[in-house]
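This document starts with one chain, in the form predicted on its own, laid out as C-alpha cells.
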Amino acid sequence: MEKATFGAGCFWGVEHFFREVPGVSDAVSGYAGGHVENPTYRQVCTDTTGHAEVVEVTFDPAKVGYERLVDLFFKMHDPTQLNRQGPDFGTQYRSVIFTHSPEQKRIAQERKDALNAAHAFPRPVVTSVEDARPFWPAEDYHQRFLEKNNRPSCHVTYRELEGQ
C-alpha cells in the first residue's frame, strides 16, 4: 500500500471522491502544509496556520496507479483557482499535491506541466506540488462527513466523472 495526499478545496468532497476509486482502501480528511502541530478545524479556518484541508489516500498500486490518482485529482476540481474552490476561499482551500517520494513528485509535476502546455484549462494550473509534510487527521466528525450527514458533494463524484 502507498499514500498520496491531495488538497482540492473542502476535504469532505475530496474524501468522498477518492473513497469511490477502485484500488483506494482508505481516504482520511485532515490538514497538512502548515506550521501548527495537531491543528483543529477552528484554527485552520482562521487561515493563519499555513495548513491546507487535504485528504490522505491509501491505495494499492497494483490496482490503481499514482498517475491515475493524479489525473483524477486534476479532473475533480478546478486547479486554476488560487486559494479557493467554489464558495470556499483562503489558503486552506488551495490546490496542492503533497508528494511522498521523488517518483510521485516527478509524476505530479509532469502532469501539471503537461496540462499547462496543452492549455487544457482556460487559465494556468496553479496547483502546488510539494514534499509531504506531517499529516494531521481532522476531527472525527469530519471523517466520512457527506456519508454520515447524507449531504451532496460540492465536488464532482468519481461515479459522475466516470459516467457510472
Ligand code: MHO
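We number the residues from 1 along the sequence you see. What you are looking at is a predicted structure, and each value in this text was computed from that prediction instead of being measured.
Only in words, not in the display: the form predicted together with the named molecule, which the text now covers.
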property: Shown-form site status with respect to the named molecule as positioned in the model of the complex after superposition (2.4 Å backbone/C-beta criterion, 3+ atoms); result: open
property: Interface segment, criterion being heavy atoms within 4.5 Å of the named molecule in the model of the complex, picked from 92 to 100, 62 to 70, 129 to 137, 111 to 119; result: 92 to 100
property: The named molecule contact at Asp88 in the model of the complex, heavy atom, 4.5 Å; result: yes
property: The named molecule contact in the model of the complex: Lys148, any heavy atom under 4.5 Å; result: no
property: 4.5 angstroms heavy atom contact with the named molecule in the model of the complex for Cys10; result: yes
property: Heavy atom of His142 within 4.5 Å of the named molecule in the model of the complex; result: yes
property: Contacts with the named molecule in the model of the complex - residues in 41 to 69 whose heavy atoms fall within 4.5 Å; result: Tyr41, Glu53
